[in-house]
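A single chain comes next, written as structure tokens; it is the form predicted on its own.
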């Protein structure tokens, strides 16, 4: 195993900023969610927190949790086969700790965001050692400091036509289906206190056939892991919702959440946003549509007591991956998040607050 110090110097960077951050708002989303027994958080990058004091203050005021958006992924942490680079992750950890934010780690294994060297090194003899080495190094460094992890992200892909519904990733091809259990066992060994999630997308809509089928595949996978005694503690549902379709989060989705809960698992909403790339109307109309979708989704999921966390993928339209990934054809900025580019509360914020406060 690669030896990694778990000691972290907190000087400079985000630690210096933290003292300027506002106290948590009593009427903010974190406070309202806490009354429902739910932790509200957002994903962010260390450089945006460092370079934008107003945004850093907003995160500290509105959030109880923080997800490093990219800086715990392999392509950032592992520039070379025998080396870790924890610099950016340490900076965002310092900010979170100074502001008493619970950190959600994203993600230990994913089929994307991997360094070029990984595909060459993943051979049957070496793959398990690489997997365990990485998880031990990363989870072990932050043991007791990162509350929860996406251990395996997006493991299910029915279009790959496997009978078990698993995605044909390099990990699956090299180690077989047991790579999932290996990853959870390694993470639990490195930090027995961390909440460990299997996370995925495409589980939300009742009127989307492939999503309904994917729910069945996911329940079978989760039940099998639980039956085998694999240390899995929850399901992460990403929650990338669409602003140009009916918010069909109804009885069947609610029943799916109940089935997950009956397996003894927590449910975390890990990447919530509403894509308004194709949403018609002016800014006011689009904001109202997006807000209604947030409200419908949260009204459904918050009825399930197993839902313990809601995290938006970003907090403000000023910093959202949707800007580059899903730009609007009319050239208008996208508006998928609860705060606008001026860091003002939008109708989406009001809808989320009402859902938490219901």
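Keep in mind the model is a prediction, meaning the values are calculated, not measured. Positions refer to the first chain, counted from 1.
Omitted from view is the form predicted together with a small molecule, to which the following refers.
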- Task: Within 4.5 Å of the small molecule in the predicted bound form, counting heavy atoms only, one of 319-327, 27-35, 56-64, 287-295 shows up; tell me which.
- Result: 319-327
- Is the gap between residue 299 and the small molecule in the predicted bound form 4.5 Å or less for some heavy atom pair? no
- Message: Whether residue 110 contacts the small molecule in the predicted bound form should be assessed with a 4.5 Å heavy atom distance threshold; does it?
- Response: yes
- Query: Is residue 153 close to the small molecule in the predicted bound form, meaning a heavy atom pair under 4.5 Å apart or at it?
  - Reply: yes
- Query: Can any non-hydrogen atom of residue 104 be found within 4.5 angstroms of the small molecule in the predicted bound form?
  - Reply: no
- In this chain shown alone, the residue from 141, 73, 188, 214 with a heavy atom within 4.5 Å of the small molecule in the predicted bound form is 73
- Could you work out which of 275, 99, 169, 238 is the residue within 4.5 angstroms of the small molecule in the predicted bound form, going by heavy atoms? 238
